[in-house]
Structures are given as structure tokens and as C-alpha cells.
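Presented as C-alpha cells, the chain that follows is alone, the form predicted on its own.
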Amino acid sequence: MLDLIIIGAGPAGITAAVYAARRNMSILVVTKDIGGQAAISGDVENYTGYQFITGPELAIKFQAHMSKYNIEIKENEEIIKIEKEGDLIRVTSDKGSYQAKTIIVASGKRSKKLNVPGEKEFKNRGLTYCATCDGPLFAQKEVAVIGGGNSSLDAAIQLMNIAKKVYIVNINSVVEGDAIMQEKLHGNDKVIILNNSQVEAVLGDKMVNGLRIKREGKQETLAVQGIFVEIGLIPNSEFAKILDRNEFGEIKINFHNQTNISGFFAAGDVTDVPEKQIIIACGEGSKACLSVFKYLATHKI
């Protein structure tokens, strides 16, 4: 019988696992991948202790830290449901079923889809959701980044050093990302910002060769070979229907990372914590684990 099951191995899940291992808990980490959003982030300049590090480099350090402990990890598993069975908790994935006294849901978020013609057909054939992963494939090509927030600006900053031209296609009237990120793009003649622009379709033959947009009421076609979708994230919480969630699908927690059900805790971007940052996710993971430890010490299960 396990003390704790952790769902997810992003910054929150990995931190929780390290804390649990140091407390000598019996734990299992069940995850789709390792690193979460950190593994596909670009430059990270606000993580304490590192003036500069890339997301993938930081994710590797997280994983290396976790690997120093005897932590059992079930990778490449999709969680189907979590449920309460008396005093215990059962987690069911597409590959197995596991039981524990407590659980921390740290399943993070995933990229939103455009839901336009051609998106599904050209995924990984010129259309991608990760500039960090796939940017180098588009050297000296014309590309479009969809979105107007920090994630789209981060992608554009990476791509302006790789691509021939970078269009930022923004549905809003102004770009809303951090000022320091906007400054990095300002004055770069490779970057063209198209505000008030709605994506209508992804075009191509075997690979992407264009993007149809409607800009200020007029239809245009951008002759691009790459499209990077950066329009926000959706919480991976569909399996957690028994937990209270807000209108965005984020799991509701209190200051102790407790949910509405005893023994169920949550941490990181999947929760309703206001800011979604790597360092905050790590802090929330540690808090959740400390709350679990206190729960196990004060409840007879």
C-alpha cells in the first residue's frame, strides 16, 4: 500500500516527489511525460539561482535530481480517472490501476488548439505547438506564430534568430506580453506583428505552405512554411471530475493544496493558483507534499 501517488512529472510533480522521497514515503509517480511545460519552454531568466537557463536544461536538472532517489515512475501513461474507495484512493490509467492513501494531482496544462481547417492534417508537418522543440527545423524559412501573450512572444524571440521572417498573428488589437519581451522584438525587421487577425485555415500540400487569416475584415494569405500555435493552455484535469474545478477546468485548492475531498491534494498549473510560473509550480509541489505528510501523520488509514 503506497503512501502517495503523484500524477504528473513537471516542476510541481517532480518537486513533490523529491520532498516525499526525503520524508521516506512510499510513492509512485504516474505521468505522460517528464518535464511538463518546462521541457518545452524557451529561455528562463527568472528562476532563482540561474541568471539564464533554457527550459529543457532546467527540466533535465529536475529529472536528474529526482533520479537520485529510489522513486518508481510509470511513464507514458494516460490517466483515465481517480476515485475514492473508502479511506483509500484508486488511480486508473490506460495501462494499469494503482492504490494509495493520498494523491497529489500535478498534471499541468496542454496547448490549446486553433480548431480550424488544416490544423489536424498538418500537425507535425509544418504546424507545431513547441518552438523550443521544432524551431531549428525552420531555419531561413518564413513562419507564423499564433497568439499575443508571453508564450507567443517567447516563441517569436527564439524564431527570429532562426527563421527568415516571423509573423505574429494576434487576434487582439495589441500584443499583451511582458514589456521586456516586447522590447526584444522591437526594431527587428524580421518580425511583423499582425494585430486584429483571425486564423481561418492552415494551407498546404504534403507540408504547410500557407496560412489564411482575416485581418481587419479582409482575407489574406501568408506564404509561410511553419506555424507555431501559442494561444494558451488547458488544464489536464478531465480525469479529475470528482474534484471541484473552476470555469477554466482548474482544480480548486486552499492554501494547504487541499481539494474538496479528504486525501486529495493538487499542485502547479492544473490548479487555480493565479500565476503559472515554473518557480511557483515548484513551491506548490513542495507545499502539497508537506501537507500530505501532515495528513498521513494525523489520519488513521
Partner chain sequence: MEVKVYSTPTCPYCTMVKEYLSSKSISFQGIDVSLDKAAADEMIKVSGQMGVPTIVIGSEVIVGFDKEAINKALNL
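The model shown is predicted, which means the values in this text are computed figures rather than measured ones. Superpose the two forms; the largest set of C-alphas matching within 1.5 Å is the rigid core. Numbering follows the first chain given and starts at 1.
Just so you know, the form predicted in complex with its partner chain exists too; it's not on screen, but the next bit is about it.
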* Is the gap between residue 96 and its partner chain in the predicted bound form 4.5 Å or less for some heavy atom pair? -> no
* Could you confirm whether residue 249 comes within 4.5 Å of its partner chain in the predicted bound form, counting heavy atoms only? => no
* Counting only non-hydrogen atoms and a 4.5 angstroms cut-off, does residue 221 reach its partner chain in the predicted bound form? -> no
* Distance check, residue 198 to its partner chain in the predicted bound form, heavy atom within 4.5 Å -> no
* With its partner chain left out of view, choose which of 53, 233, 40, 261 has a non-hydrogen atom within 4.5 angstroms of it in the predicted bound form. => 40
* Asked: Here the chain is shown alone; which of 137, 80, 180, 174 has a heavy atom within 4.5 Å of its partner chain in the predicted bound form?
  -> 137
* Structure fact -> Among 101-109, 82-90, 69-77, 213-221, the stretch whose residues bring a heavy atom within 4.5 Å of its partner chain in the predicted bound form is 69-77
* **Residues of 111-139 having any heavy atom within 4.5 Å of its partner chain in the predicted bound form, listed in sequence order** => 124, 125, 126, 132, 133, 134, 136, 137, 138
* Taking the rigid core as reference, does the Cα of residue 103 move 2 Å or more between the shown form and the other one? -> no
* Asked: Is residue 140 one of the residues whose Cα moves 2 Å or more between the shown form and the other one, with the core superposed?
  -> yes
